[in-house]
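In the block that follows, a single chain appears as structure tokens, in the form predicted on its own.
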């Protein structure tokens, strides 16, 4: 392997054998930190840059050994806990400055788990080499998150290391960054998966916390460099961005920039339990997954604009 900078970053998950996040069979590396706060986010543990405690109440026995170990006095017993409810309360504002997280090691029932761990580029490449036989001719590594560009130096060195080993690279990103940051990555990224949450900037800000002008600008610039490397993906959220007008505008944007395909990703609720574990409020509990008929209709709306559309 070529010489590389063995810097470290915070990783919250690694998934092998993915077939939905770039060409072929891929290894997904999830980096913590994201500039967006999407209301439906399925990976809320990827939003903050630093490691966090995930409290698994089903494992908790209320022994309070975690409270005894906590130097910040952030954990107290829950008052009159009911069956199936949390046995403890966690003041997470006190956890923000905690590095050691002694509560995790003190719990004998694995109720306190840490999401996010420090890994080096060498650690990542060991996983890549382990999975490499399964990539075949068209697979590779995809950096996801969060958003990998938040940990910019770490992400760059992973991509460089992969390229030095002739491993295909892809990045899943919000593209909410100034293009001069992205430019240094371009020689090392073979494929971009870019989400467009909404074509209306005000609505985009309402749903994600940020406007969309910079995102659209970056996607257009990447498409101008090589449109074959860019895929637009749209998470379809009932009542938020699933109207025909938004889909038509998304398709027109793609077509104007030489992009020939859009993937529609139906909203799901698989991440809801993570919010409770992280002590966060889930803001869309009433929203349902769009049915197959709805997804097929939206797919046809996009295809009517001359852009290939795939659901999933």
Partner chain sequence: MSGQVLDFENLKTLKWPPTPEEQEEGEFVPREIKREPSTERGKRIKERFLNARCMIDPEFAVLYTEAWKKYAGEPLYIRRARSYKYALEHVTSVINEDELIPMQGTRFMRGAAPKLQYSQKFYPHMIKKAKDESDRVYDVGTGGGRSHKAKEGHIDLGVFDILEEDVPALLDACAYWDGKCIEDVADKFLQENFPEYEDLKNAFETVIFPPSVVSIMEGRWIPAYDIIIERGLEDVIRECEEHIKNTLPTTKDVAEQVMFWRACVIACEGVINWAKNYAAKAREMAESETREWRKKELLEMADILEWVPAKPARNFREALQAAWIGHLATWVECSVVGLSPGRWGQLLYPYYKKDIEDGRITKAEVLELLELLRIKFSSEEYISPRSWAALASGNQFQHMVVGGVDADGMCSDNELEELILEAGINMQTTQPTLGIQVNRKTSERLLMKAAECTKAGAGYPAWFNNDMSIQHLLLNHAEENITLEDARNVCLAGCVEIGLQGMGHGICHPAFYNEVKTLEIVLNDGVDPRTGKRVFEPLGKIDSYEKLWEAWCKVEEKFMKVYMRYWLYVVAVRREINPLIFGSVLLKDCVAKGRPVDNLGARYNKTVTLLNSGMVNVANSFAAIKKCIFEEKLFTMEELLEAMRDNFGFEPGDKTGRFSMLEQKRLHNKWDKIHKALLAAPKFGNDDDYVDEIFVKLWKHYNEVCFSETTYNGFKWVPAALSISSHGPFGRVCGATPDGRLAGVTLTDGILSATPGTDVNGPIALLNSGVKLDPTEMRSVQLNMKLHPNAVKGVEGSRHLINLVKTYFERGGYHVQFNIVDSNMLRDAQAHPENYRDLIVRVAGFSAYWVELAKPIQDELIARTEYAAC
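Positions refer to the first chain, counted from 1. Note that this is a predicted model, so its numbers are computed, not measured.
We do not show the form predicted together with the partner chain, though everything after this point is about it.
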query	finding
Partner-contacting position among 131, 157, 195, 242 - heavy atom within 4.5 Å of the partner chain in the predicted bound form	131
Contacting member of 137, 80, 97, 85, with respect to the partner chain in the predicted bound form [4.5 Å, heavy atom]	137
4.5 Å heavy atom contact, residue 206 and the partner chain in the predicted bound form	no
Heavy atom of residue 217 within 4.5 Å of the partner chain in the predicted bound form	no
The partner chain contact in the predicted bound form: residue 16, any heavy atom under 4.5 Å	yes
Distance check, residue 107 to the partner chain in the predicted bound form, heavy atom within 4.5 Å	yes
Interface segment, criterion being heavy atoms within 4.5 Å of the partner chain in the predicted bound form, picked from 146-154, 86-94, 167-175, 197-205	167-175
Stretch 9-40: residues contacting the partner chain in the predicted bound form, 4.5 Å heavy atom cut-off	15, 16, 17, 18, 19, 20, 21, 22, 23, 24, 25, 28
